[in-house]
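Single chain ahead, written as structure tokens, the form predicted on its own.
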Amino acid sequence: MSTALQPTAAEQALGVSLPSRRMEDWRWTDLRARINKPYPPQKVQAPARDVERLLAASPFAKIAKARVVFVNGALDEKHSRLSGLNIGPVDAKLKITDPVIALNSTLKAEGVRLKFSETQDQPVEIIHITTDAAPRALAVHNRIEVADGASAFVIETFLGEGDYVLNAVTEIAVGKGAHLDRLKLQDDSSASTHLAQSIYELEEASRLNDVLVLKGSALTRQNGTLAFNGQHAEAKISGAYLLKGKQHCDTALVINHNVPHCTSRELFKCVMDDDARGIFQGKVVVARDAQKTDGKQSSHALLLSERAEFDAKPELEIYADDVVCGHGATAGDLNHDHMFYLKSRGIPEAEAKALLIAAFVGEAFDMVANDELRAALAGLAESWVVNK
């Protein structure tokens, strides 16, 4: 007798098999069970007023001088500001090794290749807008390339309304001696599902600063794979969760140290309230010849409710013998001594709580090398505390 599972209505609509808790990497995020109704792939036209309203809602609207706008999964040149950008078509042919990539291919994702051949002083925003319509699935696939010796700052923003499944793949290639700062804000609608895959390739003496801020969607799964392909490269990846209600956010990040003399740092600061659940799965793999590797990862959770939950799965897989690697994870509630100190100085409890939460996630924002962007993120965190 066959033991194959019958396709669910969602799987039939999407055209793929969804991962379930039977798969080790997905045991905390059972997509097969959680995506429980059809989300047919379809193109949706959006009224200009809806697009303009959502574009104005980006906290980075006045900071980014250039803007690449996607509306319901399609490039919107009318609302974009493309002057001075080197943009071309993206080759969407990826080796399928992950369910998120498989779905991205099945949904025939649209996207662009954004290439920086010299230093770009101003941040460039790639913003994805999803407007309210019937439940549906949409996908995007972008590639960011920084040429040898160049530098750039790219913001990826996701905003939306309604019930949808968004699948986003971002390839990132940083050339020899190049530098990329990237900031991703995931603030999709509270009814949506956000599935993402980031693929990083770092060449010799390159530097990557990557900050992920995850606060939207009912369900988020963010995968990342990073490969060091050249010596003396450095990668710093930080993340912040701001979750409430029954939100569920799962990040799975794999760092592959393939060559010697490279440094990686991962820091995730996760705040959960109500019945929210956060997960961080971080894995560092050090190849046999990757001597002098320096790799560290840490995840810290702030639980504001007795019902909130955080799961951490740190892993080190080391085949070299001359390395410095480590990991750590903590979880707890607000420091009562700190609360008492602030309240004793006349600060109201709500304001004291907001200050401590902002300070907690602020460490993840410190990597952002732009004062205006850091201020915008601080305002985002403060607004979350006030409105939660």
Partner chain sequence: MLEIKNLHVKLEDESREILKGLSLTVKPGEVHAIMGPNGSGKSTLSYVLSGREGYEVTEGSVTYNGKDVLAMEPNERAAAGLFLAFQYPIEIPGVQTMQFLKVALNAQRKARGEKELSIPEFMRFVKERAARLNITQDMLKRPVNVGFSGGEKKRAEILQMAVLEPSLCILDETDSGLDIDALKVVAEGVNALRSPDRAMIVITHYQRLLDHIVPDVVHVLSGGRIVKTGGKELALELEKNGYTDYAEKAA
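Positions refer to the first chain, counted from 1. Note that the structure is predicted; figures quoted are calculated from it, not measured.
The protein also exists as the form predicted together with the partner chain; that form is not presented, and the subsequent description refers to it.
The single contact residue among C325, L342, A46, L55, judged by any heavy atom lying within 4.5 Å of the partner chain in the predicted bound form, is L342. L355 is the sole member of L355, A320, A61, A33 with a non-hydrogen atom within 4.5 Å of the partner chain in the predicted bound form. The partner chain in the predicted bound form comes within 4.5 Å of no heavy atom belonging to D50. In the predicted bound form, at least one heavy atom of H338 sits within 4.5 Å of a heavy atom of the partner chain. At a distance threshold of 4.5 angstroms between non-hydrogen atoms, D333 is out of contact with the partner chain in the predicted bound form. The stretch that touches the partner chain in the predicted bound form, counting heavy atoms within 4.5 Å, is 345 to 353, out of 38 to 46, 25 to 33, 325 to 333, 345 to 353.
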